[in-house]
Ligand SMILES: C[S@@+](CC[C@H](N)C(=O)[O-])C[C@H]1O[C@@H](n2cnc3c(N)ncnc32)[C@H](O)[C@@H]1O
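So this first bit is one chain, no partners, the form predicted on its own, shown in structure tokens.
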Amino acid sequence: MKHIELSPRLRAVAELVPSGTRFADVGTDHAYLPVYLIQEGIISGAVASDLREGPLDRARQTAERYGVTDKISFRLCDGLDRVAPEEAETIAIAGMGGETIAAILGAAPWTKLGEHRLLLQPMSALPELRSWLQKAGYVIRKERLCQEGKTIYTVIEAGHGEMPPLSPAECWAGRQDTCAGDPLRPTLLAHLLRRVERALTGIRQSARPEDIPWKDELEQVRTGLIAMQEEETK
């Protein structure tokens, strides 16, 4: 039977899934990720959850098309509401906003217990997600970058633990050590710096007092990103 092909974004998540783990894919949509992992022999089965019936039906169709229906348990639920802690050693939450990912984890505090591995691929609000993870008692172990078209995506591997406070720039770009050696890192830093400088150009023209704290934070982010770029070239 033909094997499923993953997009670069989902392949980056798949490469962080350890062999033999109990796996849950939250917001599974078409279930491409769990089907791929089963076909490749990385996992023997999976839980696939989605909030809406339509995506879950598409997930079932994918599983049937590739002959793995009996190896996936489909759950119609919000986040991890119908997933038991013992069912998921590795949890993937990919393709949604960072604030939504934070809300899903916040509603499932058991993800901070034991040795659960969280593979998070936010489509937006990365600074907010990184900041939330630190404050909520998670540690970011590593980050992996991938490029799909012109867009660079970040996959965060996190788990229970404490980590030092993140600087404003680290909230935007991740720590140097958790991203060490990633060939896309210089490109990402340059992209983020351009974003920050555009935002600063706009906010410097504002006369509103409430914009002052945001301007100060962006200045700190800019300084930190430049320092990261300098470290990359050493």
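Just so you know, these numbers come straight off a predicted model, no measurement behind them. All residue numbers are counted from 1 along the displayed sequence.
One more form of this protein, predicted together with this ligand, exists but is not displayed; see below.
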Review point. Residue 145 near this ligand in the model of the complex, any heavy atom under 4.5 Å?
Key: no
Point to revise | Heavy atom of residue 9 within 4.5 Å of this ligand in the model of the complex | key: yes
Exercise for review: Please check if residue 29 has a heavy atom lying within 4.5 Å of any heavy atom of this ligand in the model of the complex.
Suggested key: yes
Practice item. Look up in the model of the complex whether residue 199 has a non-hydrogen atom within 4.5 angstroms of this ligand, and give yes or no. Key: no
**Study point:** One stretch from 97 to 105, 131 to 139, 82 to 90, 158 to 166 that, in the model of the complex, holds residues within 4.5 Å of this ligand by heavy atom
**Key:** 97 to 105
Point to revise | Of 208, 204, 194, 52, the one that lies within 4.5 Å of this ligand in the model of the complex (heavy atoms) | key: 52
Exercise for review: Just give me the residues of 68 to 87, first to last, that have a heavy atom within 4.5 Å of this ligand in the model of the complex.
Suggested key: 77, 78, 79
